[in-house]
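In structure tokens, the next block holds one chain alone, the form predicted on its own.
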Amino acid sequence: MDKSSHVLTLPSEPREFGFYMDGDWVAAGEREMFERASPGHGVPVTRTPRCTEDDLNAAVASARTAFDDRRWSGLSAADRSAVLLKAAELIRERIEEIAYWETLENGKPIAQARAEVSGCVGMFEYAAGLGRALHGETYNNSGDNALGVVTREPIGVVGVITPWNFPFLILCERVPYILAAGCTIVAKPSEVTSVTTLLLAEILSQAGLPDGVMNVVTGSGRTVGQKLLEHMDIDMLSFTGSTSVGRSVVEASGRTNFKKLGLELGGKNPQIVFADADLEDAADGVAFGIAFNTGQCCVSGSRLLVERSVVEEFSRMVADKLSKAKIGDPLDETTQIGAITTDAQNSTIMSYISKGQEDGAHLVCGGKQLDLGQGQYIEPTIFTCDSMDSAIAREEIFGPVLTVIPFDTMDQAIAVANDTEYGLAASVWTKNIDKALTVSRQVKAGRFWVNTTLAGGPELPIGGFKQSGWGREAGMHGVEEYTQIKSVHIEIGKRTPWVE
């Protein structure tokens, strides 16, 4: 990897990895391998094992032993915090390496990948402090002969299933908080973007995490992932993915041990723009909100609701912004929009673009597959619709496709924003504080932005309303999510006899 060049170089041959269990690498051996081709270049870059059910069972057993013997949960919060802080330091030292492999497997721009990995350092640093702040309650109001104590205890062995769109970021929105709570982990990354999850497991071991506390099993969702969510010895499962798959996760939990679930699912997120907004700022934010990560983002602002008096002007402004964004080689430092991550997603996005045209939506810009000589790329696309009837206005596309819908009143904007099964994120653009507060309070979404989008940090919890998920990640809520509450009633002094 030539870091001095403007465009980083591809590896000369795919790098082969094992999987990670009980504090060390496990060689692939005779296991079948999955070869990943870079979506931005079309050449093989990594090879990872397709683990078996036996491998998964061994990883869960390792995590169970590590939890039950209290090698991690039995440590003081100060000792656990020290490991998380050391991990943050090691991630900072390896930002370039992690970002490089993230870009190769995912297709996102290297500058974006680097920023995401840098942000993950803060996740570990913040979670380290939260572990020391976690506490229970006391009730000294039951009279002189009793004391009530409420404690928070780690829930146990946590399964973590992460998607391909933000392999390292989504992992780090969970892992440090799970560890801060005192739990152990079995992680299953997407088969197409496994490497940075493996690297995190290695980093955690180097930081002093006890063996077996963080295990990574690679392979397909249909085999390893399904067995993980059905496993009787997994106490809680964190799943990030589509709402349709989320339903199967809920069903599997009900069929087995009623494991607790944390679900971050789909979204069809509204960006509401009033005529009194700073339209230049709003146009830039809206363009960023739909094109970031090529729209392959669960909180992508894919529905644009614009006050009718400025809808045509504003649509042109957004189209102009998108036309100036640089699409191309993800290893180019100046690229802003990278490749579509998988062949299947590429086909899905193009099918929605065709469906929008068939449904009579007006194509403002884009709509084409780009031929850049290598990899798979799609132009950022804008449609205008008069209502929410079209599939492109209602369904999650997970690509750089923006649907513009006009509104006349604030109440209408709120109604249209809430006219969806989802409730993951939303934003409003206005210089009127009354409008901003009213909309932010009435739109049903777990994350809300005012005059910005896709912003935040480790302090603020993330999660969805309605069919966008259960539970919260990050922030203090993200640590508490991986604990269970125990009430302890303590009698003091001589017992009043039941039998004289």
Ligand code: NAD
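Residue indices: 1-based, along the sequence shown. Remember, it's a predicted structure, so these values are computed and weren't measured experimentally.
The next section is about a form of this same protein that is not shown, the form predicted in complex with this ligand.
- prompt: residue 396: heavy atom within 4.5 Å of this ligand in the predicted bound form?
  reply: Result yes; residue 396 sits at the interface with this ligand in the predicted bound form.
query: Could you tell me if residue 177 has a non-hydrogen atom within 4.5 Å of this ligand in the predicted bound form?
result: No - in the predicted bound form, heavy atoms of residue 177 and this ligand never come within 4.5 Å of each other.
query: Would residue 162 count as a contact of this ligand in the predicted bound form, using a 4.5 angstroms cut-off between non-hydrogen atoms?
result: Residue 162: yes, in contact with this ligand in the predicted bound form.
query: Does this ligand come within 4.5 Å of any heavy atom of residue 221 in the predicted bound form?
result: Within the cut-off, so yes.
- request: Please pick, from 149, 121, 245, 169, the one residue with any non-hydrogen atom lying within 4.5 angstroms of this ligand in the predicted bound form.
  value: Of 149, 121, 245, 169, the residue with a heavy atom within 4.5 Å of this ligand in the predicted bound form is 245.
- prompt: in the predicted bound form, which of the listed residues (253, 412, 226, 348) lies with a heavy atom within 4.5 Å of this ligand?
  reply: By the 4.5 Å heavy-atom cutoff, the listed residue in contact is 226.
- request: From the candidate stretches 201 to 209, 383 to 391, 263 to 271, 316 to 324, select the single one in contact with this ligand in the predicted bound form, where contact means a heavy atom within 4.5 Å.
  value: Looking at the partner contacts, the answer comes out as 263 to 271.
Sequence-ordered residues of 174 to 190 touching this ligand in the predicted bound form, heavy atom within 4.5 Å: Heavy-atom contacts within 4.5 Å come from 174, 188, 189, 190.
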